[in-house]
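Subsequent text provides structure tokens for two forms of one protein chain, presented individually as structure 1 and structure 2.
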Structure 1
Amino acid sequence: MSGRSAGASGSPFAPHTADETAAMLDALGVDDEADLFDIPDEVAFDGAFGIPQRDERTVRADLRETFARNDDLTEFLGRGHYSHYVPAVVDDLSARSEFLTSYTQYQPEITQGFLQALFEYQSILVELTGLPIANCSMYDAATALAEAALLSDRLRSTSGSTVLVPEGLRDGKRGTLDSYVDGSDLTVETYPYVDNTADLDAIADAVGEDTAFVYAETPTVTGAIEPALAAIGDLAEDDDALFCVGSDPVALSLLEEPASVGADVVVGEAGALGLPASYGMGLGLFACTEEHLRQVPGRLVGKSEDADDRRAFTLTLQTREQHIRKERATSNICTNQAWVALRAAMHAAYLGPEGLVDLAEDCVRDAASVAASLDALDGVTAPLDDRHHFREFTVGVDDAPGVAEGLAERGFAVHTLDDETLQVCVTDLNVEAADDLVAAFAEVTN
């Protein structure tokens, strides 16, 4: 920050003088700072917001009227966004001021409590994935996947430039991945699904010396549990490609450990714990082998000892651009989801190992039960594949958009995938309405 005073010499927050600004603009060949930005006229600020002044009571009344126009639907929606019951203790404890108002834990001498909580979050992910290293969160599952792909490009053990992902990858994940690898030497290619899980033969044909990264999900975006993870991991290993598995902490409590099938990295959406489905904000999990420790993006909390030999926690191995030379940085991610990770850790601790497994078993059992009830209806096929499912499954009908509209009129929201396919997600928060959903299907498809 400059020591210049405000006014003609510049603000302490924007310290350039008028002469310095003019010199920089001249060097760039432009007349005005506005020339450096390409803002369409229709969204450019013209100096007035056009919002009439109103008092607080009026604003509250207007907002109530606006919110009342929202559809009151019971959501059977998933595809990466999941709601499980969040215990009241999570809301109560995470709202304590020392957590809620905390900034980044750069000063360990005054943030030991929060650092320990984040260390516990990392430890939970280590147990669930079987991998020895987990960071204290990414923005969401999409950025975690993209960072994993970039990690493969930094490794000396991989020589390829192709990132191989399933064609069924959710649009948000694919878009984020494409954005992250743009400007690198990586290219993204896809492999097909058969029965809503990986086509192993297609992967075998696609993987080669030019492959740097192979990604597989379990459960997949349609809820199918991937049965061929170990075989996919072997194919990646044969060509020295990084093998990455996508999942979430609830599923990982029941499914096979990714480490046991050769995963080098595990990514996913940890916000399945501690958060309701927000369809936006997430909590990206990222775990990896110790071999890749110094390539991990984001933040790591480590355990050490202080001058009095007491256990102490601190941020360690900080490799962001703002901490080390740019060319040696592993990532430009500037923060993490510390408070959200705290909530996930609280939720997991509240459930305990047995409670987490019970929740996961319900996700399998309830999905199978609802699918069977729907499949018993005339004109409905559920699921559309011969797989085990976690939370969600696809449903075949003659007119999917029409059926979805009819269900919405009866108070239920489901995904429409194409003209003949719907998708239904069942969790502990909507399972009590499952019988009513089946009855609504029967009415609409009759």
Structure 2
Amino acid sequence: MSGRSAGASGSPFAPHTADETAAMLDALGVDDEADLFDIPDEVAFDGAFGIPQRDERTVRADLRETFARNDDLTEFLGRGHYSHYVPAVVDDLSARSEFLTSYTQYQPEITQGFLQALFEYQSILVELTGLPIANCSMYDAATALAEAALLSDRLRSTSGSTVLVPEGLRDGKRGTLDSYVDGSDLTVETYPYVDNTADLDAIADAVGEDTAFVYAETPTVTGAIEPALAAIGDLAEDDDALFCVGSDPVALSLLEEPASVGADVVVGEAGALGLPASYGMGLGLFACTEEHLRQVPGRLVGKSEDADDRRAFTLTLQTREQHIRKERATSNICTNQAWVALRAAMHAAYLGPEGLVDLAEDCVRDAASVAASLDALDGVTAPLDDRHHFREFTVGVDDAPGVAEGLAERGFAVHTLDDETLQVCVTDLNVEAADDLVAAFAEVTN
């Protein structure tokens, strides 16, 4: 089959007819497009990558086959990548080409729609975090945390250079943080957890004049709700360190807002709203106090007025950004996760505050209930701490890798933390299969 897009030779997305191409070449006085290229012979390439052209149907069929090669497991996985059911209307609306195929809003007069959507996203995060400033997004929770640490390095108010983070921090976050601070004056140190949340005494010992940044998570990577945030915040404040809280918008719908426990910055994974499971793709939440406005990394949308004095939105405070400030920019970030932020805002507005709180409350109740069911099994302890949990919790068994393998054979994926510890994450997407999971645990641990 041919047709202009379906089988024309060359790029199916270059709309030139042969006649048009000829007329254009003629107008330029050249015989061939190749004549327009000014590439010295010694670096010229012959175009032979060895990649065959395929029609779109073949590509789709091939990739369907490729993805079908993934095993079909019911996932009880979390540890930083969470997904909840995303209503179909979010897919439909966010797929509108006006959103999906638009660029950054450099011409606000014809991009008011996206600008307003991002302003609304910022506002939703302001409400959830309690902090007055939220940017348009970072890449993910890890890069948001790393940028928050770098922010502390830029502040005159913090004289220190130590970044204090939990020792159990997820590797992806810790690794990214390490990479980002490598070019700064900061060094990363850790504080221990007791009973799966922060060891307050240890933090008190660790925080000092040299501390620039203290980071605490709630829920933690194992799902424990951190009970001592305010105390950690006080410790940070005492030494003029920036206090940064990590969370996500679903948890923040129910939990104490970080501003009220003294957070200067909130980071986290906002893709818990709006994003389906996507192999780790995320949406970096970044919010902070007014004081640090001029040091915020990434884009900000502000309200303004147009020539008719009507409300209009625009990217603002761009002098912080790389395309203006170059090496003195607050970050090198340019492309961010705007479209994911759009989806998160849609999802939040669909749920509304009642829906968000209900969803969050289910994350508490379902985790507790599944943990209790597992704990009732011989040879299984859940949770392994005395905390309240959000979505997930740790599970003690004799042979964790063996149990995980047995569960996989029965169609379930869980985290294996060490030889005796598993982790299970319960959400609206898998809770119906929780009884089956418990039954599988019973079989495997018997």
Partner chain sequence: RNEPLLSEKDSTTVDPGAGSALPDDLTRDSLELPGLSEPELARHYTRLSQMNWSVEAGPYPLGSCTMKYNPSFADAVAADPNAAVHPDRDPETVQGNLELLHGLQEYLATIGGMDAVTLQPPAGAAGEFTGIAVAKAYHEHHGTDKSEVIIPASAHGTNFATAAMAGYDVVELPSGEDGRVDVAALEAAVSEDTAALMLTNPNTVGLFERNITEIAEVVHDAGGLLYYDGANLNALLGRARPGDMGFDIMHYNVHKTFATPHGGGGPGAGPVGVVEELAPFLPRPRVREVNAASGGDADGADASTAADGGALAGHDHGTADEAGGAAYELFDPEQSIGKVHGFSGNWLVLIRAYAYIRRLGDEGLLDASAKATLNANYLASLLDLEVPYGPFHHEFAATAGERDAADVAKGMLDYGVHPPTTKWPEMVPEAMLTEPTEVENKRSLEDLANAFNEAFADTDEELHAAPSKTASRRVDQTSAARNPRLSWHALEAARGASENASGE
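Please note that residue numbering is based on structure 1, beginning with 1 at the start of its sequence. Since the structure is predicted, the reported quantities are computational estimates derived from the model, not experimental observations. Note that the rigid core is defined as the largest set of C-alphas that superpose within 1.5 Å between two forms.
Check: Form predicted alone, is that 1 or 2?
Finding: Pick structure 1; the other is not the form predicted alone.
Check: Would you say residue 56 moves its Cα by 2 Å or more between structures 1 and 2, aligning on the core?
Finding: Yes, because once the rigid core is superposed, the C-alpha of residue 56 moves 2 Å or more between structures 1 and 2.
Note to self: Aligned on the rigid core, do the two forms place the Cα of residue 399 2 Å or more apart, comparing between structures 1 and 2?
What the structure shows: Shift at residue 399: below 2 Å after core fit.
Item checked: Exceeds or equals 2 Å, Cα of residue 413 between structures 1 and 2, core fit -> Residue 413 C-alpha, core-superposed: shift of less than 2 Å.
Notebook entry, point to check: To one decimal place, what C-alpha displacement in Å is found for residue 68 between structures 1 and 2 with the rigid core superposed?
Noted result: Its C-alpha moves by 3.4 Å once the cores are overlaid.
Notebook entry, point to check: Cα shift of residue 22 between structures 1 and 2 after core superposition, in Å?
Noted result: The alpha-carbon displacement, core-superposed, is 35.4 Å.
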